[in-house]
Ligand SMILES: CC(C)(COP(=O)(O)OP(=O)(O)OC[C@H]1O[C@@H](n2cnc3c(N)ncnc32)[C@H](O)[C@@H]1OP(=O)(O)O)[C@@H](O)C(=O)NCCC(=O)NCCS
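As structure tokens, one chain now follows by itself in the form predicted on its own.
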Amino acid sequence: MQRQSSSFTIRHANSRDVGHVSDVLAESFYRSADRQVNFLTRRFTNWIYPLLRWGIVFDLSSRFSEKTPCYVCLVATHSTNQSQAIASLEICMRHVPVKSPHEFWLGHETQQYPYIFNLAVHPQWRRRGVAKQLLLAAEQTVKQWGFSRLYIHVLEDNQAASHLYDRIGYRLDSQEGNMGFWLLGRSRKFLLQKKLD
């Protein structure tokens, strides 16, 4: 699978991409200037950053080597350097709650559906449409697998991601983390769903 849009190319990642994808994930989730953290937290993160990145490399390498059906990592590259990933996302099968009229009494029922995780764009490449291109490519992959729904989580305070998901058709499916929100002041996690044509 290879998809080109404007100056970005979306393709399946391979083992040679592990280092670049790890850099994108580590920069996005631990060092990004968008994250509001205090001085001590930032210093501590910088100090343990090599360990954090090593953990990401290890996790990615193990997922790539498992050859799990219905798993893929997509990467975006720019025309200036086709070998360096500047953004990525992963899709796997995950159990998600399904609505049931007996849910209150019997608990949640779950089914497996394609689920997007680790969507990240390197800070230098944000706000150029690459995340949208990755999400649209993920939809095509999931359709090829024979599914008509796709799920993703978003934190309540991640307004940029929420707006993007809303614009391309993701809708609220359920809300998680209410206890942490009320007791610890943590952001709630929303499970979003998109029905694919």
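All residue numbers are counted from 1 along the displayed sequence. Note that this is a predicted model, so its numbers are computed, not measured.
The protein also exists as the form predicted in complex with the named molecule; that form is not presented, and the subsequent description refers to it.
- Stretch 125-133 is the answer when you ask which of 125-133, 51-59, 140-148, 38-46 has residues with heavy atoms within 4.5 Å of the named molecule in the model of the complex.
- The shortest heavy atom separation between L172 and the named molecule in the model of the complex exceeds 4.5 Å.
- Among residues of the shown chain, K67 is not one whose heavy atoms approach the named molecule to within 4.5 Å in the model of the complex.
- In the model of the complex, the named molecule sits beyond 4.5 Å of every heavy atom of A26.
- None of the heavy atoms of C73 is located within 4.5 Å of the named molecule in the model of the complex.
- Taken together, the three residues N14, V21 and I91 lack any non-hydrogen atom within 4.5 angstroms of the named molecule in the model of the complex.
- With contact defined as any non-hydrogen atom lying within 4.5 angstroms of the named molecule in the model of the complex, the contacting residues in 151-172 are H153, V154, N158, A160, A161, H163, L164, Y165, R167, given in sequence order.
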